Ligand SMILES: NC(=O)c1ccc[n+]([C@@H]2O[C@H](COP(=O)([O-])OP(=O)(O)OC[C@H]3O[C@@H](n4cnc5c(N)ncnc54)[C@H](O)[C@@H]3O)[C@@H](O)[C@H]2O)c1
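Okay, so here's just one chain, in structure tokens, the form predicted on its own.
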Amino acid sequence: MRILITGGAGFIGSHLCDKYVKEGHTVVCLDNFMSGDLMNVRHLLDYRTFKLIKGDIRDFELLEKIMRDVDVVFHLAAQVHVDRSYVEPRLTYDVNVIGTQNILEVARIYDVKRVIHASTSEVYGSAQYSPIDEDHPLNAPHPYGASKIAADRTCYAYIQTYGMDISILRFFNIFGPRQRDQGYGGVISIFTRRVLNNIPPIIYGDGLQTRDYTYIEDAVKAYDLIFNHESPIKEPINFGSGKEITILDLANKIIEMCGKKEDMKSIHVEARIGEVNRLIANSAKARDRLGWDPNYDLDKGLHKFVQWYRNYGMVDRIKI
């Protein structure tokens, strides 16, 4: 297969690049390095089946050049920071909606076999019932979530209008090695960096808001199940552990895992605008349709991530 991975130098995308290059596929990694990092894919540059392109999904002509012979697209490129979406809503919409439409339109023109689109649990907003299934109302309270709803609906329109094979994957808070320790979604990485540097975690509000976390290896497993599925999954599908934890308990767990339990407490600051209060996944569709079953619970994933962060997480990032 010839595979295009947009946002391929990012946290999740780089793990997909690893997998498919090592399986013998030809992988084109497209990234504008707004949040991607060369260090994540530098070890792949010697593979003749790996090609790194610095470019933007908003560049329609570039997409036309690189997607002519592509079989499958993993579309992960996005402006993913909730906080940034408050101050740059136009950029967020431009990247997440127009960029996605560009991918879909070029995929249509060149008859790409399958597009796998990275959505997010943030489209749901705070849970009106739990656990959240794919029929839950889409009530994102911030521009980032709204842009991802629009991208999802654009995918649906291309499925309905052109019969394209497009899957919409809604992950609940992926974490693991290579996750950037900044921004709204990287709280585990942020907390770990602070604690290992003897700085207390910062919690917005009372810390009783809950999240459902998915380890990166389980996320890659989910993507691969979609990639190899014989029939199209032309609908949104959730991937999460089905277990929630408060941000306060998460901070305490990381403090303990990092060996700082006796002398560190979290700092509470004012709650953020648009904070989602509760997120917990119903992944029954992923289990029933794909046989997806997470291998990592939160504790197992955290132990592995903290160990990685001690060894590699402090290394300076490389931009190009």
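All figures in this text were calculated on a predicted structure; none of them were measured in a lab. All residue numbers refer to positions in the sequence shown, first residue = 1.
The same protein also has a form predicted together with the named molecule, omitted here; what follows describes it.
Within this chain, Ser35 lines the site of the named molecule in the predicted complex, having a heavy atom no more than 4.5 Å away.
In the predicted complex, Arg278 stays away from the named molecule, with no heavy atom inside 4.5 Å. At the 4.5 Å threshold, heavy atoms of Ile12 reach the named molecule in the predicted complex.
Mapping the unseen interface onto this chain, Val70 falls outside it, with no heavy atom inside 4.5 Å of the named molecule in the predicted complex. Proximity to the named molecule in the predicted complex, defined as a heavy atom within 4.5 Å, holds among Leu104, Ile174, Val195, Ala146 only for Ile174. Checking Val123, Ala222, Val112, Ala78 against the named molecule in the predicted complex, a heavy atom within 4.5 Å turns up for just one residue: Ala78. Proximity to the named molecule in the predicted complex holds for all of Leu30, Arg58 and Ser119, with the criterion being a heavy atom within 4.5 Å. Only one listed stretch (228 to 236, 241 to 249, 70 to 78, 199 to 207) carries heavy atoms within 4.5 Å of the named molecule in the predicted complex, and that stretch is 70 to 78.
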